[in-house]
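The chain below stands alone, shown as structure tokens; this is the form predicted alone.
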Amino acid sequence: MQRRIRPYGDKTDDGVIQMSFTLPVPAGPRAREAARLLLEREMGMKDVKIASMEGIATDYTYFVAYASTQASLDYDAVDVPIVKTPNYGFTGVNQRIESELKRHIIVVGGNNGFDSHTVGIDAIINMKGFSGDYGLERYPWFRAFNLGAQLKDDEFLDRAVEVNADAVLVSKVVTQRDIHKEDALGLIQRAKDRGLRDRFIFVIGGPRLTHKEGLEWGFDAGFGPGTKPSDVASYLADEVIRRARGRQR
């Protein structure tokens, strides 16, 4: 049995959606009508209402619009990979590592490429953490190295080799023109070229990333918006322990 879902605004299944977009035309009545026709005639929307129109630069106009769609989706058919590790919390992670691994987990983290933002990797690694959740530096059974931003791929990997890391954490914030994907794929390819891909657990995270994308790009896991340090710590504890058990067999 299918469970079909549609967007709604005022009442269930009315199909109303809100959207914003920019057109390369000067603001005015003609631009407003062009935006309406684009949604109605070319995109098949109904009951189109241009809520606001604002010129944002010479010959560019930003619109906010409301419209309804007949499209629906079978929700039960949606299948998306997720990181299935439970969150053990600060105490639980440390107890698990101490009792089952009996050594520190070593992590290097940073941002490769030209992205200069460190807010993501800082939130996961730095001692204060994020939203009341301690960063990896606070965990007594982690040794975490925050390498900062704009790292060259070889610089990133050299540091991981130097400290004999278990995991490499990559943060990507800027996504314009898919630069985050390009940087992510480049790091994994460089690791493969150097024979290091299977030596480390590779984890990527960012505000516009998913676990599915991380897997598609060659990483072992991907973490999206709302991720807390304890989520990453729990995953790493499980994965390092799992791999250690595999080597013991």
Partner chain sequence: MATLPLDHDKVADCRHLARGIAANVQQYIDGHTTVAVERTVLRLLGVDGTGEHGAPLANLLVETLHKAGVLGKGAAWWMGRCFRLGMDSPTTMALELPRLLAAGDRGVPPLSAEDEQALQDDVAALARDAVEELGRRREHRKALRRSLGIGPDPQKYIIVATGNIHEDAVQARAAAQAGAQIIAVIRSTAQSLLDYVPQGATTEGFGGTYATQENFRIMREALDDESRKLGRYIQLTNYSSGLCMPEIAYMAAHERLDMLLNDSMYGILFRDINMRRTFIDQYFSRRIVAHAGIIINTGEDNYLTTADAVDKGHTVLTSQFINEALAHLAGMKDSQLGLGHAHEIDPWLEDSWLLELAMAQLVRQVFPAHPIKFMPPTKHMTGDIFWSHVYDAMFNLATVATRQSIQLAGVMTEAMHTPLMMDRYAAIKSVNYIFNAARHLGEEIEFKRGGIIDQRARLVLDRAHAELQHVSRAGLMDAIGEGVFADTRRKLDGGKGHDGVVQRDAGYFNPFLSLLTPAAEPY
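Because the structure is a prediction, the values reported are computed rather than measured. Positions refer to the first chain, counted from 1. Between two forms, the rigid core is defined as the largest C-alpha subset superposing within 1.5 Å.
Below: the form predicted in complex with the partner chain, not depicted.
Visitor: Within 4.5 Å of the partner chain in the predicted bound form, heavy atoms considered, which of 116, 95, 87, 72?
Guide: It is 116.
Visitor: Can you say which of 31 to 39, 213 to 221, 191 to 199, 55 to 63 gets within 4.5 Å of the partner chain in the predicted bound form, counting heavy atoms only?
Guide: Looking at the partner contacts, the answer comes out as 55 to 63.
Visitor: May I ask you to check whether residue 46 falls inside a 4.5 Å heavy atom distance of the partner chain in the predicted bound form?
Guide: No - in the predicted bound form, heavy atoms of residue 46 and the partner chain never come within 4.5 Å of each other.
Visitor: Verify the contact flag for residue 153: yes if a non-hydrogen atom of it lies within 4.5 Å of a non-hydrogen atom of the partner chain in the predicted bound form, no if not.
Guide: Contact check for residue 153: no, nothing within 4.5 Å of the partner chain in the predicted bound form.
Visitor: So in the predicted bound form, does residue 176 come within 4.5 Å of the partner chain, heavy atom to heavy atom?
Guide: Residue 176: contacts the partner chain in the predicted bound form.
Visitor: Would you check, heavy atoms only and a 4.5 Å threshold, whether residue 208 touches the partner chain in the predicted bound form?
Guide: Looking in the predicted bound form, residue contacts with the partner chain include residue 208, since a heavy atom lies within 4.5 Å.
Visitor: Within 4.5 Å of the partner chain in the predicted bound form, counting any non-hydrogen atom, which residues from 8 to 43 show up?
Guide: Contacts from 8 to 43: 18, 20, 21, 22.
Visitor: Could you tell me whether the Cα atom of residue 241 shifts by at least 2 Å between this form and the one not shown after core superposition?
Guide: Not so; residue 241 is displaced by less than 2 Å.
Visitor: Please say whether, between this form and the one not shown, the C-alpha of residue 24 moves by 2 Å or more once the core is aligned.
Guide: It does, since the residue 24 C-alpha is displaced 2 Å or more between this form and the one not shown after the core fit.
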